[in-house]
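Take a look at this single chain, the form predicted alone, given in structure tokens.
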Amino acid sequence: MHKLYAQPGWGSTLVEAQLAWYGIPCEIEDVGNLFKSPEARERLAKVNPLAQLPTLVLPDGRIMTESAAITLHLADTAPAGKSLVPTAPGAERDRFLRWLVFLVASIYPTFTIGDDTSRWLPDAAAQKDLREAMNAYRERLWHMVEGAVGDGPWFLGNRFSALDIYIAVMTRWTPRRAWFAANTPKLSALALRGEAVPELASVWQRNFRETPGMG
């Protein structure tokens, strides 16, 4: 059985949702707040030296980290017609890969840097400046993603993909859903549609216990 080290609402939600979509049995171990708990970081570091989520243990004991890598790994053995990743080659696959890497390589690091700026700078004023700079930069990046949303109910058009899961999860984070509704209406609509996917209802409930669409 797979084992997912997790924390409700954190990046592990990206993988938890994909496991649920594929119907893959999984043991979930919530590790606690990695920013506030040295014990949680120490415990997770024994499995993943970076002490970051998601961390997935495969049934044979191998460790997988990095949500994009896990996304592609799970798609490799997905049931026919259920894959969250377009097959290669093709324009749809290329578009998927571009924006998957954009989300994890461009937007995700703004949280790594900006969520706890005390890790990087000792001065409180400098910490505040860095946090505000990361927030503003993140908003510019989201506007770029908004411009890439195609026609149809999902990011890729008519096909539901892992990108829609990423958007449903990441729009819960700063700058939060109200900002997306006001500034990136296409992404806001995608997120709400993603939260209405029946196969993922239990994942959203476990990770975001407040009213769907809020936060």
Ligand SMILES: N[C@@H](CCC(=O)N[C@@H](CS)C(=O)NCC(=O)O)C(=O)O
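If you're wondering where the values come from, they're calculated on a predicted model, not measured in any experiment. All residue numbers refer to positions in the sequence shown, first residue = 1.
Keep in mind that the form predicted together with the ligand is not shown, yet the notes after this line are about it.
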Review point. So which stretch, 63-71, 22-30, 145-153, 180-188, is the one near the ligand in the model of the complex (non-hydrogen atoms, 4.5 Å)?
Key: 63-71
Revision key, fill the gap. Among 128, 93, 119, 82, just one has a heavy atom within 4.5 Å of the ligand in the model of the complex, namely 119
Check your understanding: Considering 135, 112, 87, 106, which brings a non-hydrogen atom within 4.5 Å of the ligand in the model of the complex?
Key -> 112
Check your understanding: According to a 4.5 angstroms non-hydrogen atom cut-off, is residue 173 in contact with the ligand in the model of the complex?
Key -> yes
Review point. Might residue 53 be said to contact the ligand in the model of the complex, defining contact as any heavy atom within 4.5 Å?
Key: yes
Review point. Applying a 4.5 Å heavy atom distance criterion, does residue 194 contact the ligand in the model of the complex?
Key: no
Review point. With a 4.5 Å heavy atom cut-off, would you call residue 159 a contact of the ligand in the model of the complex?
Key: no
Point to revise | Those residues of 1-35 which, in the model of the complex, come within 4.5 Å of the ligand by heavy atom | key: 10, 11, 34, 35
